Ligand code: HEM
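In structure tokens, one chain follows: the form predicted on its own.
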């Protein structure tokens, strides 16, 4: 019974991981086929479509799937309604392709048609998360980060829907560019940062056999960032650069507090050697510390930097944040979670009956390391190419990223094949008839 439940428990999160993996290939192909889009303004339809392919297709799919797995484990409870999770998966799978297409055509009517079911799916996800946390009775930093992250994601989607409607009917007295900036920071800062400032302190100790020696800087980091994020989006919307700068400083202070807690946690690990996935995750977390610093440069009063194509502006900032920060965090998480979920489904029901491999034995660390290294090597040419608008740098970065993603997807396929071809020793297999 327990083994059967173990296998069932992993199916919903793995479905989201596979959705994110598929979009990782699609989004990378979009960039590889048109690397010149990174030389355009961040408000260009092609750029907005590409951004949503990455953020919604890859990052949100993987992160929400991870929450479906992590929340019950971290909180010592069960997911409130697994059926709602499957409805969320169906709605998200259907909606994202239509949204990316609508953005590429700048067709706001079609966008609304697909964004509405996406918003419904996120609403189901938020309710499921809140109910799961409430049923656990936990009120620690991890529980708060899960609840707040779900709230930020839902708020981001609602603001996105309003922004799309405003493009059709123009009822808001704001510059559409400032609405876009506020929307982006609600999601990237509110959802992803809030999530990382909590679940990291469950995931990393679990995978490194460590412990959190002091939860106070974890809590301080989470709440400092929340205070900064609450004022950041309105300040960006209203173009109050001094308030936005102060908000970014608060977010940075929160991230530094979380980073201090994370460094102390990592020092307690019993598993001293870090595998490629964890190294990528750590590198991405470190790179994310640069985001508020780069943002402050853009917000500084009388700053010469703008938001159009060329020079240091919104596009290099986005490349640093997404490709340099969030991508290694997400793929590093996939390196750990996909083998674990695959093992749960393929071998969980067989534990105690036949010899089974460990989850780590399903991976090929050298291949994984090459894939992640190639992805990491793409950051510099893409960042400089977006800054200088050099086509050859953008092409080089896109090719390196594509090569790294291809290897990564191939490696994931090697792991996933255990689902339909489990590796059971011949001596343990039943005799042939």
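These numbers were taken from a predicted model, which means no experiment stands behind them. Residue numbers count along the first chain shown, from 1.
As for the form predicted in complex with protoporphyrin IX containing FE, it is not shown, yet the points below apply to it.
Chemist: For the three residues 52, 103 and 160, which mark the spot I'm curious about, does each lie within 4.5 Å of protoporphyrin IX containing FE in the model of the complex through at least one heavy atom?
Modeler: Verified in the model of the complex; spot residues all in contact, yes.
Chemist: Just one of 30, 70, 48, 37 has a heavy atom within 4.5 angstroms of protoporphyrin IX containing FE in the model of the complex, so which one?
Modeler: Answer to the contact question: 48.
Chemist: Heavy atom within 4.5 Å of protoporphyrin IX containing FE in the model of the complex: which of 336, 202, 183, 88 fits that? Just give me the one.
Modeler: Looking at 336, 202, 183, 88 one by one, just 183 meets the 4.5 Å heavy-atom criterion.
Chemist: State yes or no: in the model of the complex, is some non-hydrogen atom of residue 156 no more than 4.5 angstroms from a non-hydrogen atom of protoporphyrin IX containing FE?
Modeler: Answer yes; at least one heavy atom of residue 156 falls within 4.5 Å of protoporphyrin IX containing FE in the model of the complex.
Chemist: Whether residue 56 contacts protoporphyrin IX containing FE in the model of the complex should be assessed with a 4.5 Å heavy atom distance threshold; does it?
Modeler: Contact with protoporphyrin IX containing FE, yes.
Chemist: Contact with protoporphyrin IX containing FE in the model of the complex for residue 131, defined as at least one heavy atom pair within 4.5 Å: yes or no?
Modeler: Outside the cut-off, so no.
Chemist: Taking 4.5 angstroms as the cut-off for heavy atoms, does residue 167 touch protoporphyrin IX containing FE in the model of the complex?
Modeler: Looking in the model of the complex, residue contacts with protoporphyrin IX containing FE include residue 167, since a heavy atom lies within 4.5 Å.
Chemist: Only one of 282 to 290, 354 to 362, 250 to 258, 174 to 182 gets a heavy atom within 4.5 Å of protoporphyrin IX containing FE in the model of the complex; which is it?
Modeler: Selected range: 174 to 182.
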